[in-house]
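A lone chain, given as structure tokens: the form predicted alone.
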Amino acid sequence: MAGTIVVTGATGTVGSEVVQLLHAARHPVRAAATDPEAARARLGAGVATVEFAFDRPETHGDALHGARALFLMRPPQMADAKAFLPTIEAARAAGVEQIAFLSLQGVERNAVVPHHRIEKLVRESGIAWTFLRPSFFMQNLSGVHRDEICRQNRVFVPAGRGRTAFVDARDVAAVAAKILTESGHERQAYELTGSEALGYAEVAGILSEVLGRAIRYDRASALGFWLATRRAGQPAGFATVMTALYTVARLGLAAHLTDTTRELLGREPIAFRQFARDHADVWQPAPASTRFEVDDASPPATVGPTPRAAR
């Protein structure tokens, strides 16, 4: 399928992988980022970059000019689905033929998260759509929770004894690159998971084995987690979405596995143990002065630079 593919969230965990996969396969790709120069430095000088911000409609026209497809994702700080309307309308005006939206597993049954409303807006746009509904990213452990694993040797989440069907963001990006470059995926919603559902005690156990030191699982209460997340400097909306996602796991609603990732990619999904091995250097104890910033291009969020091991 010919035509330029515009990737929003191009410096985030999934977006950067999508850009690199498309670029490596010689598909025309345009990385849309708030800081094009920084994006170019990260993605490589050969990748076309353009200034784009969801809350700055004046950037939308140039970013989407001549585009055939749009990879759309929600930055974690944007909790109001209506904020995506200008981008969707600009895509329609530019003649974009397909929107691939990075959504969430179970979003069709969860009206609390903004992705539910964003899917509705995309459907109503009249543009052909494909929804990617991944389960919880393994990369949240190397991002959002990296600090506590590094410094406190613990995973602190309100998931109780619930199990989670983790998925590696690299697999999600591979699916995105596939559906953006071949026909037959229009009006499809793909629920993407790995091949195993793990409890967080098991997650901590695997991390302990891989890292060679004891990592414990501290079961937080929903309120305790929300307050701790706010004290860490995260926005209230981010803390609320994260708490809601972990509550879904605690209630036993996040363990559903599908074969969709394997069927689309023609291989087994990346296992959590392999992910842990690939990213082991990320969890080495960091100096107390290290500061991790929110990566605003990964749902629900990741923190700090995207690990590049095994890429």
Ligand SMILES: NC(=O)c1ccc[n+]([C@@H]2O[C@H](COP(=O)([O-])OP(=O)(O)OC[C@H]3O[C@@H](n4cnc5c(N)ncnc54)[C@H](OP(=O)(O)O)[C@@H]3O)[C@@H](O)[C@H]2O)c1
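A residue's number is simply how far along the shown sequence it sits, counting from 1. Note that the structure is a prediction, hence the values are computed from the model and not measured.
Only in words, not in the display: the form predicted in complex with the ligand, which the text now covers.
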Given a 4.5 Å cut-off on heavy atoms, tell me which of 254-262, 62-70, 276-284, 34-42 is the interface stretch with the ligand in the predicted bound form. 34-42
Checking A173, I179, V155, L104 against the ligand in the predicted bound form, the residue with a non-hydrogen atom inside 4.5 angstroms turns out to be L104
So in the predicted bound form, does S195 come within 4.5 Å of the ligand, heavy atom to heavy atom? no
Answer for P134 alone: is it within 4.5 Å of the ligand in the predicted bound form, judged on heavy atom distances? yes
P75: touches the ligand in the predicted bound form, heavy atom cutoff 4.5 angstroms: yes
Please tell me whether any heavy atom belonging to V14 falls inside 4.5 Å of a heavy atom of the ligand, as the geometry stands in the predicted bound form. yes
Heavy atoms within 4.5 Å of the ligand in the predicted bound form is the criterion; list the residues of 49-74 that meet it. F52, A53, F54, D55, M73, R74
